[in-house]
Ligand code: NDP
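This document starts with one chain, in the form predicted alone, laid out as structure tokens.
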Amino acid sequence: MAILNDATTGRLPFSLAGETALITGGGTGIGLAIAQCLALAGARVVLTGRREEPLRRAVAEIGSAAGYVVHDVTVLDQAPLLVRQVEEHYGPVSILVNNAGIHLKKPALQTTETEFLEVFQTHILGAHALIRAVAPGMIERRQGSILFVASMASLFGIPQVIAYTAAKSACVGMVRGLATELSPLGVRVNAIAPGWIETEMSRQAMRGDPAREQKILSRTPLGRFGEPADIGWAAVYLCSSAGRFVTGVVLPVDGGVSIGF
């Protein structure tokens, strides 16, 4: 029976019933797909983002298992307030998904210090502020999962995204460092590194640039772009008891790009 269900909860291994997940940047794209998959696995999901309308649409799409709170992760001192609001309305946060991010495509030598700091403020300092706010409760309950969304840029070099590359590489370092500190206290920390995923943002990036699209597909062993749900189901695995012995891992979900030639 231990193979069929979690001996401590009696749930099926991939079930997230009873969990409350806070997902930053959850209104669109990969963040929304993660929220949808976590909700289908039984979790209550709370989406955050700076713009209310995408959050409202996302919650309507997901259904009664979802809620939202408007929040800007770069306003670091508001992280404790956000967590209090979420826990008062939806219950203790047992899953945190640090997905919010901004992109900057610019040659390295033209990237300014201000632009660098803006990217880090979202990806690194914003994530760290939320971890500081949610981790004490997870530690007290000796149960929690923190998930970062990394990138192919944290695994190999990609031109003209130096600030983004540095930030996503820092995410990977945070995963490993936090895992060593928090895992003995019952909190697992992992990351997913998405490959090229079919989203509106990626479609815009490829529009009018068939050479770039062909280059990506030619080095992807599976020969196609991924779907947002591919990232969502990987998140379910890492956040569920099916992944209970997994911590400090950066999981590429990339069709083989990171090992392709």
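Quick note: we count residues from 1 along the sequence shown, nothing fancier. Everything quoted here is computed from the prediction, not taken from an experiment.
Just so you know, the form predicted together with the ligand exists too; it's not on screen, but the next bit is about it.
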Full three-residue contact with the ligand in the predicted bound form, heavy atom 4.5 Å, for 30, 151 and 194: yes
Contact segment among 139-147, 119-127, 83-91, 178-186, judged by heavy atoms lying within 4.5 Å of the ligand in the predicted bound form: 119-127
4.5 Å heavy atom contact, residue 73 and the ligand in the predicted bound form: yes
Residue 99, heavy atom within 4.5 angstroms of the ligand in the predicted bound form: yes
Non-hydrogen atom contact residue 51 with the ligand in the predicted bound form at 4.5 angstroms: yes
Residue 36: touches the ligand in the predicted bound form, heavy atom cutoff 4.5 angstroms: no
Within 4.5 Å of the ligand in the predicted bound form: residues from 210-235 (heavy atom criterion): none
